[in-house]
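Here we start with a single chain on its own, the form predicted on its own, put down as structure tokens.
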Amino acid sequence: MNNAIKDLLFRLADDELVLGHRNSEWTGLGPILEEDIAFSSIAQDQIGHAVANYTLLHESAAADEPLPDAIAFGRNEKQFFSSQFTELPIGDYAFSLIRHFLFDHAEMLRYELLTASSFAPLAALARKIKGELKYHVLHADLWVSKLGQGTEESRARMQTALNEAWPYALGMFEPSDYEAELVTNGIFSGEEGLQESWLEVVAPIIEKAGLTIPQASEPKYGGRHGYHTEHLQPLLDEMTEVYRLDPAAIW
């Protein structure tokens, strides 16, 4: 496996793992019972997607990469390729919902593009994951519309969350060091085109919900190259606490 594919798989898996754990923090805390269950289910899907990508990384790397659990739990923050957007605390429900909306639309489009990847194992996995993501997107669209068009307070909370989330959301499309290689070899068509497609999809939904996209926002880059906020390492410490007691244990 070449470094370009490894970098891509780490990005995919780390995003899903970190945000899956963040979304799992809503378990037992959702504003209504249905949303408590919904975010728990979304978190479970995301961690499952992370495991699938880590497994592909391990199986395709001729034993150069460890088993999925060791990949996920055996690294520190500098070794993670996740975007900074995924590691931010859950905040209030409005922020988590906006992040869910922006992230899952990006993931849906990303995996749609990856179904045509020249790396056949990833293309096959993308076809499976894309089918699961459509339900995430439907859930996010429904609640963004409902709360954006709801009360004055709900609209204000959603707009505040969108203002906070937007620069970090743009950071999801931080270019890879291997961008040219990925595009030239037909592995992935590139972050720039993905961001353009994402904007075309999310902008009308945001506008219809009565919300406004922040202007002149600078993307929060760094996460794809191991530079994270102060929030990631404490999350990893908590996430890996049991694993670190005995990394060789077989569960």
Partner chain sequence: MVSQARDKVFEVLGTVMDPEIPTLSVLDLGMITNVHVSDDGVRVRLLPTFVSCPATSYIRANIKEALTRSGFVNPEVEMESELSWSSDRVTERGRELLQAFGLGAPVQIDGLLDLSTIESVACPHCGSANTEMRSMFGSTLCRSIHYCNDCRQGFERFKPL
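Residue numbers count along the first chain shown, from 1. Please read these numbers as outputs of a predicted model, since none were measured by experiment.
Below: the form predicted together with its partner chain, not depicted.
All of His105, Ser197 and Leu199 within 4.5 Å of its partner chain in the predicted bound form, heavy atom check: Heavy-atom distance to its partner chain in the predicted bound form: none of the three under 4.5 Å.
With its partner chain left out of view, which of Ile206, Leu57, Ile187, Ile42 would have a heavy atom within 4.5 Å of it in the predicted bound form? Looking at the other structure, the residue within range turns out to be Ile42.
Answer range among 175 to 183, 81 to 89, 135 to 143, 162 to 170 for contact with its partner chain, defined in the predicted bound form as heavy atoms within 4.5 Å: After filtering at 4.5 Å, what remains is 135 to 143.
Is there a heavy atom of His49 no more than 4.5 Å from a heavy atom of its partner chain in the predicted bound form? Yes, His49 lies within 4.5 Å of its partner chain in the predicted bound form.
Does its partner chain get within 4.5 angstroms of any non-hydrogen atom of Ile129 in the predicted bound form? Output for Ile129 is yes: heavy atoms within 4.5 Å of its partner chain.
Quick one: is Glu34 in contact with its partner chain in the predicted bound form, heavy atoms, 4.5 Å cut-off? Output for Glu34 is yes: heavy atoms within 4.5 Å of its partner chain.
Is Ala124 a contact residue for its partner chain in the predicted bound form, using a 4.5 Å heavy atom cut-off? Yes, Ala124 sits close enough to its partner chain in the predicted bound form that at least one of its heavy atoms falls within 4.5 Å.
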